Each structure stands twice: as structure tokens, then as C-alpha cells.
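Next comes just one chain, in C-alpha cells: the form predicted on its own.
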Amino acid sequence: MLTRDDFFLRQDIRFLNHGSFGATPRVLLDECRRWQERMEQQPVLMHRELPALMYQARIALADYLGCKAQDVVYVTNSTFGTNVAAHAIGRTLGAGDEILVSDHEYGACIRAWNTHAVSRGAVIVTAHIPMPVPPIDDIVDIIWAGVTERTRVLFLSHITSPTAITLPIAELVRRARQRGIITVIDGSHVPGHIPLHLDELGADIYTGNMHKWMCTPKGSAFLHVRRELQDAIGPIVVSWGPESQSLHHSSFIDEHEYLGTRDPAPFLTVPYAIEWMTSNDWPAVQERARTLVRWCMDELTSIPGITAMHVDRRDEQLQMGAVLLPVGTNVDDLKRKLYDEYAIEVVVHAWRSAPIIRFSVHAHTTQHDLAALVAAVRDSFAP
């Protein structure tokens, strides 16, 4: 069983914010360093070997994601992947064309659409999902009500970052395909967290991080593009691409995956990470984490003035939990107090003016960590 000792996390901090940047275990960092050392031993040879090595890494990744290796490339993070989509699609949108999003999206990704699409005349239409959030079937209707004859793109998070809710992506992708709407899905929190089979899901573009819940080294993420769209999704960074003398996998892969000199070690570590997850009985790791989340949610919502993010508590199936704090809570003061006085690293922020705590549970988290959070929050709101 994995424990905190398998990670480099400081012993004096209760780390309940795995969802932001992840935490990489010692063995995966060792594997990453092995690839970095191999690069430095003979950099020119390593770059000659790199296309074949990356091909093998893509095969392992595609098998894990339930897609074909020709349709997925490695990128550094899902914000980069979203920028690729916004940059390429934004050039095709005309004045008044609409991009439908929810008001639970990650701000940096909305900024990408503003930069690459709205600046060209497109319009972002925002579906309002209330908090506490309604049952998942109601969320489908809330988002779909924003579709008009001008809707060209549906951009949504699979799991929302600020509020830790799962959006009904499969049904929304199905409806969008029927209407000819391009779907771009931000799966930042999905790989290693909830089941994902990209070919079955059918999204046009899907990007996700592996450094979060799969615990891979920072700088390892993917971009998946449906085959029929690949020619239309050009790169942000132009390098040799298909003009290279050593690549020729496909224009899509050559353009997006080979961007000049950079560290490929995080990508090459992913196949080993997938094996590591299997060897550590990942479903058991996930179920233990979900059980702890449910326990912590029950404890936090027993504190007067604190409510669950979900109206239907059966929708709480993640390794993250979020609660709504009393109206008027000074989130900056509370975050500072939790860290400085209780040594707890956790997300405390205001989203659409609602004060929220979002906590994460992974293999390194203990019930004592969560109990400390509950005690600190209860003390902070004691009359």
C-alpha cells in the first residue's frame, strides 16, 4: 500500500491540495531522472532515438486512454492543449459565432479562448450552474439551454477545477455531435482519477494532465484530436514538423510533438507510471480516497453554515471535495490561518463570490490529515 513515505512531501505540512499540481512519488522521479541522464550522456544520439521512443510512449498512453496512438500527442499541460484548440479553431470563427462554456471553467483556459477567438469577433456564451450544484441530469439541460444556431464550439471541463464537480460530458458531446458543434474538453483532472475511454466518449478534442492524479512528473499531459479534424488543428509553435528528416509519423504528430529542444523525460516516464499504477492496485487507491472524501464531506458539512457543493450527495464520486463556506467568509484570511497556524495546504478561494474550500485526497493522504482540516475549520467558525 502506498503511503506518504513514497513521496517527497514535507512531513510538517498536511498536503490536501494534490489537485493543483499533483505530487510525484520517488520511483517516478527516479525513472524521469534516468531518462534525463540518458539524454545528457549522448544528446545527439538520444535525439536520433527519440522518435521511436516517443512512438512507444504514445502506444502505452493510447492504450491507457482508450484511443489510437495516431490520434494523441504529448503536451506539457492541458492549458497548452486548450490553447492549441483555441488558436486553431479561433481562426475559423466569424463575428457572432458562439463558444458555449459553463461558469465553472478554469480561468486560464477561458483566457485562451478570449485571446484566440473572442479577439476575432467570436462570442463566449456562459451557462450558469448554480451552487450548490443540481443533480447531474439537470446540469445537462442547464448547459444545453445555451445552444443557439450560432453555437460553433462547446468548451467544458470534464471535472471542474474551482468547484470539483463532474460535468455530464458524454451526453453533451453526443448532443453536440448531432448538431455539428465542435467539442473541446478540458480533462485536466481526469486521467488516473475517473474512467476515461476517449474513442467511446467521442469528443472532437480532449486534453488532460497526467501530473495530477496519475502522479507523473510535471510537464506531462496529452492532446487528443479526432482524426477527421487533425489537419485543421495546427500547432502554436512551428518547428520542422513534417519537413524534418527524421520524423514522418504523421503531420499531426510531427507538428505538435516535436517543438525543438525540450526535456522529453516526463513524457517517456508515462509508460512506467502506468505500470506503477497497475502494480499498486489503482482501483483500490481510488476507492480508499473516495471513501475518505465522503467522510470528510460529512464532517465538514456538520459544521453550522457549511454546505456541500452537490445538492445530490450521490454525485460525490471524486478524490476531491468542495464545500461552500458561510457567506462573507474572508477566504484570504482563512487560507492564511489554515497554513500559518495549522500547517494545512488546501484550496480556499472565492468562486463567483462564493467562499469555497476544495480539498484533495490521494495515496499520501491520511484520515488524520483530514481530521486536522475539520478541526481547524470548526475552530475557525466557532461562535
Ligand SMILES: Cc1ncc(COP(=O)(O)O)c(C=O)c1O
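Source: prediction; values computed, not measured. We number the residues from 1 along the sequence you see.
Another form exists, predicted together with this ligand; not displayed. Remarks below refer to it.
Q: Partner absent here, but in the model of the complex, which of 103-111, 233-241, 281-289, 295-303 has residues with a heavy atom within 4.5 Å of this ligand?
A: Heavy-atom contact with the partner occurs in 103-111.
Q: Please state whether every one of the three residues Ser78, Ser157 and Asn209 places a non-hydrogen atom within 4.5 angstroms of this ligand in the model of the complex.
A: Result yes, every residue of the spot touches this ligand.
Q: Looking at the partner-bound form in the model of the complex, is Ser188 within 4.5 Å of this ligand by any heavy atom?
A: Ser188: yes, in contact with this ligand in the model of the complex.
Q: Even though the partner isn't displayed, in the model of the complex is Thr166 close enough to this ligand, meaning a heavy atom within 4.5 Å?
A: Thr166 lies outside the contact set for this ligand.
Q: With the partner left out of view, is Ser161 within 4.5 angstroms of this ligand in the model of the complex by any non-hydrogen atom?
A: Yes, Ser161 is a contact residue.
Q: Report yes if any heavy atom of Ser20 sits within 4.5 Å of a heavy atom of this ligand in the model of the complex; otherwise report no.
A: The answer is yes: Ser20 has a heavy atom within 4.5 Å of this ligand.
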